[in-house]
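Just the one chain here, laid out as structure tokens, in the form predicted alone.
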Amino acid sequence: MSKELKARIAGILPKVTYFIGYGTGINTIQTAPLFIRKPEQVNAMLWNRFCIHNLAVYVPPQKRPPVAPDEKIGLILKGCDSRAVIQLLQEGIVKREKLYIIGVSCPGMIDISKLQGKIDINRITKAELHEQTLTVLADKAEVAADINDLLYGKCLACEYPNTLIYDEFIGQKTTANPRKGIFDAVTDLEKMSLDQRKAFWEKEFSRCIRCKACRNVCPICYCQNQCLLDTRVPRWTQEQVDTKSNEWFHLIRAFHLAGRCIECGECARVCPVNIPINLLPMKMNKELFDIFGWRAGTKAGEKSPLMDFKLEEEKL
């Protein structure tokens, strides 16, 4: 598939200003977003089960290198990534004709942090992917693990393994096979009492260092230099890092993502202190699904119930 993908990207390059895909990261088991402009750079592209980044984050014009009005960009999109692009199209942030999208079927991405405790993931020098097994080597230690035990939580609950919107599709499409419910973690929280939930979130917010990585990696948080949470007049959050200020930061952001979060989980993945911050917008998603049957980024051409209205609303 990588060979076919590279061939297609090489053929697409004359049509786009640049193409966004995946390249080698800081070690064997990590990838990084890669921008290429020339055919000779295509060999640096790759596609494997470590390509976790949501490349839709680079679709909003303010988050990527500029292109001329008559030019377009190309990019690879997984199923969850394509939901973000659909949402951005619905919000008028980008025009469809400005994108050339290669669709792929995602088999589920490997969470390398799940290898921690079995091997020093920072010293891995070799990794081999087999059909159902990942074998890694660090120094003289070797570990083999079942890939199903290493998948990201969102991949275990994935209902959209195939790109939903594309110009061409590479490889074979697969059928969704969720191994857990997308809202399971939220449901577990809902079973807690109000005091227990309050204690849970106060503990999590107390660990936040306000690095804003969660906001910056989110493909739907595209306000960039006009973010409400950075304004000084009016000032919605304080600059000091404490539990209460952190609470306001995350709650305001969660409400802004209501009906818009596409459940890619990038915010929780990049958190340096491992706060499950994705549970807040997921809670909002669950409410909208229960009331309106709405899942963001799955219905091209339709608007979120919170971005539109009807004279008569019916609860599903």
Partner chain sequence: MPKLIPQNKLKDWLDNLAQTHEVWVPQDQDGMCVIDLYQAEREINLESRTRFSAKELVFPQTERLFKYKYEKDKDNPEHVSVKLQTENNVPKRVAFGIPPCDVAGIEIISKVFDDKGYKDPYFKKRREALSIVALGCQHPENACFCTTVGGSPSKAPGADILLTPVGDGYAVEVLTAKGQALIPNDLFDKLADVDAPDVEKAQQKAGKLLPAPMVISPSAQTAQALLKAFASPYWNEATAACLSCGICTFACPTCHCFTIVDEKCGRCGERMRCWDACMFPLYTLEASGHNPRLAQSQRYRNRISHKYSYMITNNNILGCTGCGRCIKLCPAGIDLRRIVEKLIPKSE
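Positions refer to the first chain, counted from 1. Worth saying up front: this structure is predicted, and the values here are computed from it rather than measured.
From this point on, the text means the form predicted in complex with the partner chain, which you will not see here.
The contact residue chosen from Q132, N177, Q172, Q240 relative to the partner chain in the predicted complex is Q240, the criterion being a non-hydrogen atom within 4.5 angstroms. Checking A144, I165, C211, A141 for any heavy atom within 4.5 Å of the partner chain in the predicted complex turns up a single hit: C211. For the three residues I26, A32 and F35, a heavy atom within 4.5 Å of the partner chain turns up in the predicted complex in every case.
For the chain shown alone, R123 is a contact residue for the partner chain in the predicted complex, at least one non-hydrogen atom being within 4.5 angstroms. The partner chain is not drawn, but in the predicted complex it has a heavy atom within 4.5 Å of R269.
Contact annotation for N148: none of its heavy atoms lies within 4.5 Å of the partner chain in the predicted complex. For the chain shown alone, W47 is not a contact residue for the partner chain in the predicted complex, no non-hydrogen atom being within 4.5 angstroms. With the partner chain left out of view, the stretch that reaches within 4.5 Å of it through heavy atoms in the predicted complex is, among 212 to 220, 149 to 157, 84 to 92, 99 to 107, 212 to 220.
Applying a 4.5 Å heavy atom cutoff to the partner chain in the predicted complex picks out no residue from 2 to 16.
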